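Shown below, as structure tokens, is a lone chain in the form predicted alone; questions about how it binds or moves come after it.
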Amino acid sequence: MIIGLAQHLKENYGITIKNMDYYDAAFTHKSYVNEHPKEKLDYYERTEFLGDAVMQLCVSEYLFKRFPEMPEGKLSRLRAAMVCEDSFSKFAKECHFDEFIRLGKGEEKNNARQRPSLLCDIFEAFIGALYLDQGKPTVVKFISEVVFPKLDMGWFNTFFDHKTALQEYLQKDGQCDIQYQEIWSKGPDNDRTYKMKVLYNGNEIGEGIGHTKKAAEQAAAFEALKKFQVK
């Protein structure tokens, strides 16, 4: 499994592992260690502790720079939406990290590989391993590909309401016609992706992609706000 992880990281993220020991620990559950006492293995919890701190720092720095006028309270709430079990478990699945976890037989039978809490822990542990192996710049590069784009894709729209912000901006001088239309949708019903566009008085002003129509609409509104340079 771990050898497969090295190939997966190289092919999909351009990451060449330097010290495999960090990743061995990051993807190993305590139940697996208990079943293989002679191998003197380590498991993920210490590396997870480090990865959590690294993610907090990197996400905080990104939000601080991206939203220079956002007050501390809102920055904290947005960070909390990005750095949480629900988000990390989804990132882990998207990165196929669930395929590389070493579990004991009992945990395997209990389908622990799909448990959100464990997936979250493994994602944090991977970040910790990557930090130890290659330093902060590589971590930032990885999460810039995996995590930060989700902000524009509507993953954290429970925090932002771009549609309301766009409506308030466009209607500041009076009523206008704002419509959202589907451009396409694809994928299975349980993992469908939508692309929507927003029209202002019949003219397209933004497009967005999301895993629900509402998320795609929010992403389209966000693109429109950027065009109008609304912060």
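Just so you know, these numbers come straight off a predicted model, no measurement behind them. Numbers follow the displayed sequence, beginning with 1.
Omitted from view is the form predicted together with a further copy of the same chain, to which the following refers.
In the predicted complex, segment of 144-152, 108-116, 74-82, 88-96 with a heavy atom within 4.5 Å of a further copy of the same chain: Contact criterion met by 74-82 only.
Interface residue in the predicted complex among Glu182, Glu39, Glu168, Glu61, criterion: non-hydrogen atom within 4.5 angstroms of a further copy of the same chain: Of the candidates Glu182, Glu39, Glu168, Glu61, Glu61 is the one lying within 4.5 Å of a further copy of the same chain in the predicted complex.
Asp177, heavy atom within 4.5 angstroms of a further copy of the same chain in the predicted complex: Judged by the heavy-atom cut-off of 4.5 Å, Asp177 is well away from a further copy of the same chain in the predicted complex.
Residue contact check: Lys65 to a further copy of the same chain in the predicted complex, 4.5 Å heavy atom: Yes, Lys65 lies within 4.5 Å of a further copy of the same chain in the predicted complex.
Heavy atom of Tyr131 within 4.5 Å of a further copy of the same chain in the predicted complex: Yes.
4.5 angstroms heavy atom contact with a further copy of the same chain in the predicted complex for Arg46: Flag for Arg46 set to yes.
Those residues of 89-112 which, in the predicted complex, come within 4.5 Å of a further copy of the same chain by heavy atom: The stretch 89-112, when checked against a further copy of the same chain in the predicted complex, contributes no residue at the 4.5 Å heavy-atom cut-off.
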